[in-house]
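Before any questions on how it binds or moves, here is one chain, the form predicted on its own, in structure tokens.
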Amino acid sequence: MAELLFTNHVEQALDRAVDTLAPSGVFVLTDSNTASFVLPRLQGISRAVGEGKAIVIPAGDDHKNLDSLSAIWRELTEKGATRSSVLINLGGGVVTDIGAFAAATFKRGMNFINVPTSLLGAVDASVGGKNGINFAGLKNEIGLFSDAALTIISTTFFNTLTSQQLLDGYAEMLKHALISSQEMTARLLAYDITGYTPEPLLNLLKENVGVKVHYVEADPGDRGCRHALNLGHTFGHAFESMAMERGTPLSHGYAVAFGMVAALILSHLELDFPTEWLNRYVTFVKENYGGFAFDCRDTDRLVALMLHDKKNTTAGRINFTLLRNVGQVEINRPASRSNIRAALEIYRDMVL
């Protein structure tokens, strides 16, 4: 697994890392938002970023696609990148996902450093070695595993984020808590992420990301216990894909927040997950995230989209990560189609 460094002195960490790698050239990938709000700040204080050649892609998950990937490869080629160059992925989850994939495949692999600038990128996309792009309307359909030379996690740039963007990342933090302990879950359900202060949040991130690190180190190939990290994602990815089909994209974190509602409902139906924790989580989601709207006519399409989940389907059977209780995880749990449909219907009754 890649080295993780938790620090709010990003410029010093970047310059040390680049000096250690001694690359033939430095390239900095951002999206159009990060290029406006973050890149100029780092260019002024980091030698490596200031001297690096910038590559900018359009912002948004709908641009995490083959066209953007080809554009990155093209610019790396035209700007003289070699296999001994380094790519700094400076941005949210879209940038670290597609940037890592581009670096891992360019000239059969070049070094890259992830600097997530969003909370979602810091707790999820930039950690664990997974990367890729959306394809044919499906989330992360094409990708591979490749570790960064270094991932620098910081809260320095979070003041550029909206409340919605902070909540987007907070959903993944809640997931880590739900699969870990009641104490952490209760603490996060009471925490106001939109009113954070940088240093305490950095310490909270270190603890929370540690949950993911535990599973990644135990199962780097994502073949076993790491599936615990999929809580809410089978439903959530289906919600994201449906939103893309509608032309109204849903952010990943919000999709996971809604997906975990459905997953906890299914956990109650299949494993008697406690109603107390289900209601506490649903209340938090309704108050902070709202809900993903669909009606009974959409249920069959959502089930069909779940069948495309590359990690959780076998021979037409949909498997889920479910909870017997907070911190008590069951992976690869098959569920009947009737209970899947029931969970979606109960979701509509509880959230919408």
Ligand SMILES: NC(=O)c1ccc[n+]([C@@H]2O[C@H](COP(=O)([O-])OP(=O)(O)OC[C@H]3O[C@@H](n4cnc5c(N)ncnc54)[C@H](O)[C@@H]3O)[C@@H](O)[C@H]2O)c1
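For clarity, every value in this text was computed on a predicted model and none was experimentally measured. The first residue of the sequence shown is number 1, and the count goes up from there. Between two forms, the rigid core is the largest collection of C-alphas that superpose within 1.5 Å.
Just so it is clear, the following notes concern the form predicted in complex with this ligand, a form of the same protein that is not shown.
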{"item": "Any non-hydrogen atom of Ala177 within 4.5 angstroms of this ligand in the predicted bound form", "value": "no"}
{"item": "4.5 Å heavy atom contact, Gly92 and this ligand in the predicted bound form", "value": "yes"}
{"item": "4.5 Å heavy atom contact, Ala59 and this ligand in the predicted bound form", "value": "yes"}
{"item": "Contact flag, Asn140 vs this ligand in the predicted bound form, heavy atom cut 4.5 Å", "value": "yes"}
{"item": "Selected contact from Ser118, Ser267, Ser241, Thr234, since only one has a non-hydrogen atom within 4.5 angstroms of this ligand in the predicted bound form", "value": "Ser118"}
{"item": "Candidate from Tyr254, Phe157, Tyr196, Trp277 lying within 4.5 Å of this ligand in the predicted bound form - any heavy atom", "value": "Phe157"}
{"item": "Every residue of Phe292, Leu322 and Arg348 near this ligand in the predicted bound form, heavy atom within 4.5 Å", "value": "no"}
{"item": "Candidate stretches 74-82, 258-266, 185-193, 121-129 - the one whose heavy atoms come within 4.5 Å of this ligand in the predicted bound form", "value": "121-129"}
{"item": "Heavy atom contacts to this ligand in the predicted bound form at 4.5 Å, residues of 3-37 in sequence order", "value": "Asp31, Asn33, Thr34, Phe37"}
{"item": "Yes/no, His176 Cα shift of 2 Å or more between the shown form and the other one with rigid core fixed", "value": "no"}
{"item": "Large Cα shift (2 Å or above) at Asn111 between the shown form and the other one, core-fitted", "value": "no"}
